[in-house]
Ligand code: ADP
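Okay, here we've got a single chain as structure tokens, the form predicted alone, with questions on binding and movement later.
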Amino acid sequence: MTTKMNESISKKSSAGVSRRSFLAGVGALGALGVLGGLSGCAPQNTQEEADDAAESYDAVIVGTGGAGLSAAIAAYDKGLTNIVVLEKMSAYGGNTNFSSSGMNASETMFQADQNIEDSNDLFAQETLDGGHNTGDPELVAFMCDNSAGAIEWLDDLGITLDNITLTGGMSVHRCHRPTDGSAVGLTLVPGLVAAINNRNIPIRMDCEATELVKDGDAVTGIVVKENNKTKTLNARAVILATGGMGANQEMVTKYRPDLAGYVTTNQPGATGDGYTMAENVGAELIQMDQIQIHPTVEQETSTLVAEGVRGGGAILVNADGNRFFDEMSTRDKVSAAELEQPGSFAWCVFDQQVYDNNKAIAKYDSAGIVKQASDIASLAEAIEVDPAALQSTVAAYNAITTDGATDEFGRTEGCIAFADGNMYAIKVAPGIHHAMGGIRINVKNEALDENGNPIPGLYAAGEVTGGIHGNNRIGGNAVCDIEVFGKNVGEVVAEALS
């Protein structure tokens, strides 16, 4: 597979094409509003401050993705107000800015309103099955059992995720999106930042954490580089929410040499800093070779085409115009099948219904990566596949819905009958997407050493942690992970320090 990929896809830099500039990437997605009010929450050092001047906090949170922001809000609301959030980039939100499909959650108030039957146990079982039973059952159960509470907590913050769809590997509609069906990250990050600002929680931008400080067995602070100075921030607790390593080609290939040359969907700040800092103070890193590739990434711009597009009815066809796999299977299996096709790519094909029901597609269209035609035959010509083959493929797919036909590839979820009229396609192939391994934690988000003992003062949440997703992550579970465990770690630390 690796050889085929390297032959068919030109090698990109470690951060990918469109993510080379984080601000440009966010702007392309219409999220420049995320930067509003930035200067107001970035305290500036004075020239008189010494390089070794120390500050003291109850908790220092490293990273402004969904996990870090949620941790800060939850800790503050539990009474822990002497806190600070650090962000090494000049824009906050991390990879959460690019979260597209939604947030999986079970037994939610929105599912109840829409008469969707679901259970935490089913959610947990499908998560474990999706990860081929290599995830930690205790962490998975905790995430699923607390997912509905996280949805309600977000709603209380003004972040309403009541548009529910389906993702690959799930049998129930449980992927919660904003009301208009838009990409979840573009609602989640501004909403969390607004909550941070409302509480006057300081965020220090362009402030890079470089090293954890220990006193005996306990973590007691963190060293940062800010305004060309190095200083120590003392803390009773440090929460690492630094994200993954998808933009660090050297680290990725250290654990997965076969991924050399793959594009990445990650923003450039995802360089694995948290792993290094944690390991240097004795934390155990687990499943580090489990790096997920996503099957639907546009290769020239590194744009991820959301799984919700397939969940809403889109199909994948190869260069011959034929379907080749169940599009709603897990990401690892779909990616593997895609790499076996001629040229190791596929076309994600959909009609006007899918276009209208997935607001993210308009962003893809404005970025120039969507092919459009007035009918199937014209689309076939536009993407250079055999018109008769594509028409036959669509007819067979439609029959699943219109005639109750059995799909030859076993697809049973997210099927629709394409309507006559406009047809669309996006050329996709696999790209590096998510680091599923990381710091070993327990349900208190405590970082653990190789013997399973908590490292006093050190906590972690989000993609920097390992053990939840196993060797394959279900679409929509990352946002659930960062919200459930981000909220949890803030509350746990507040209680521990009270």
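The numbering used is simple: start at 1 and walk along the sequence shown. Keep in mind that this is a model prediction, so the values were computed, not measured.
Not on display, but discussed next: the form predicted in complex with the named molecule.
Proximity to the named molecule in the model of the complex, defined as a heavy atom within 4.5 Å, holds among Glu298, Glu307, Glu327, Glu87 only for Glu87. Asn95 is the sole member of Ser100, Thr127, Thr167, Asn95 with a non-hydrogen atom lying within 4.5 angstroms of the named molecule in the model of the complex. Note that among 367-375, 349-357, 205-213, 131-139, the stretch whose heavy atoms approach the named molecule to within 4.5 Å in the model of the complex is 205-213. The named molecule is not shown here, and in the model of the complex it never comes within 4.5 Å of any heavy atom of Asp332.
A residue is said to contact a partner when one of its heavy atoms sits within 4.5 Å of a partner heavy atom; Ile439 fails this definition for the named molecule in the model of the complex, lying far away.
Mapping the unseen interface onto this chain, Ala67 counts among the residues with a heavy atom inside 4.5 Å of the named molecule in the model of the complex. The shortest heavy atom separation between Asp273 and the named molecule in the model of the complex is within 4.5 Å. Contacts between stretch 237-256 and the named molecule, counted in the model of the complex as any heavy atom lying within 4.5 Å, involve Ala241, Thr242, Gly243, listed in sequence order.
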